[in-house]
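Here you'll find one protein chain in two forms, each presented separately as structure tokens under the names structure 1 and structure 2.
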Structure 1
Amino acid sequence: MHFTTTEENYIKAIYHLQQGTGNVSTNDLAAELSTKPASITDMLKKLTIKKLLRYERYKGVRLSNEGEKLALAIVRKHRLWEYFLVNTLEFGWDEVHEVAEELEHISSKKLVEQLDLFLGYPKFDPHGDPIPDSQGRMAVQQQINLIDLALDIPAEVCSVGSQSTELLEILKHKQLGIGTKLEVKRKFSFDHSIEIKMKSLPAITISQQLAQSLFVKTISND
């Protein structure tokens, strides 16, 4: 079955929203997609008829098994294209989201499988988000929030909590990215900022807000 770009955007938005809240309300979806609730209701009816959604009166919607499969296929394409754009075409990781939003709607299954093969079956995209495989399975990463990392423990940045341009811009400015190795050297109780040390760079202080947007995994000190 073929789906329109708008239908796919709805399915992906519901997928992301239901990770946090379970059932998704019309208002949540309207805010996420910047669309009037009346238009949302019409589209939800269409998607329910196509058996992509389960609707419960007064409780909102959630994806059916078929809807979940479609959502994972779209997320898979989006994250593979982001990986390709950053690692092959050398886009900045802060430049790829909007391009991948367009490329994720290409329907050729063969192209996606060949892209995955060409890239060597990557498990995570440039922002550290897991890439679903062809069966919709995703690797799980053991990670903690940077703000919770104990002092002097070697760690590596493995994902970011948001892909906003503002966040990616400040990370670039501070030379922080996926794979950056660091240690927390001090924690300041006054404003909960932290001092971090990266190899061969002077120690820097980052805000609590920035630290909470970064996730790290501990590594052995080599």
Structure 2
Amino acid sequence: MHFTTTEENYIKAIYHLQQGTGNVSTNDLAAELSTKPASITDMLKKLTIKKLLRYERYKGVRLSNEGEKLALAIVRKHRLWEYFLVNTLEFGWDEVHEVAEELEHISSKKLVEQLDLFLGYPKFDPHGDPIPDSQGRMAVQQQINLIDLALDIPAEVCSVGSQSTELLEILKHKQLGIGTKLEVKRKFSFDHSIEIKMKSLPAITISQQLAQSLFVKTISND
């Protein structure tokens, strides 16, 4: 079965948005793909007929097994090309995404496998995101301690180091929690406190102790 670039972009967008457990909403997809909700609905119907996803009107959408297989193949290509661009062609890691958005749609199976071989079967792309292997399997996401996160890398809190009431209290007060997206802006060597920035909030400083109890993963905006 062959799919258009547009169809593949929809499948990949759904894949990224469905990582939580819930269904993906039409509006979220429209935002992700920079189109209008009406266009999303049309395409969802089309992709449902092609058996790539399970969709019920007004109830959101999830990928079928078929769809997830396709999504992983595209993500695999995207991240392998990013690795190639950075490690072989000496691109900066901040300039590869756009190019990979095009390269991920090249269809040759042999190309992907030979590229993977040539690169030495890398496990993570330049942004720290895992590269699916030819079977769609990938290494578990690296969880980095927030204290070790490099400056200006978008990340998302994915686990906490303790369940204590005291930790919960301070997290609530600072508006931090599982899923919070942030970047580290400064690190102070005096007391190892760090300054972090969350979207649409002023930067705040958190202590070494607090930072050490938070684990983050780099964000796969790929």
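Given the structure is predicted, the values throughout are model-derived calculations rather than measurements. Numbers follow structure 1, counted from its first residue as 1. If you superpose the two forms and keep the largest set of C-alpha atoms that fall within 1.5 Å, you have the rigid core.
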| query | finding |
| --- | --- |
| Form predicted alone - which displayed structure it is | 1 |
| Rigid-core frame, C-alpha of Ile14, shift of 2 angstroms or more between structures 1 and 2 | no |
| Rigid core superposed: Leu151 CA moves 2 Å or more between structures 1 and 2 | yes |
| Rotation angle of the smaller rigid part relative to the larger between structures 1 and 2, in degrees | 129 |
| Shift in Å of the Ile178 Cα between structures 1 and 2 [rigid core superposition] | 22.5 |
| Cα displacement of Tyr58 between structures 1 and 2, once the rigid core is superposed (Å) | 3.1 |
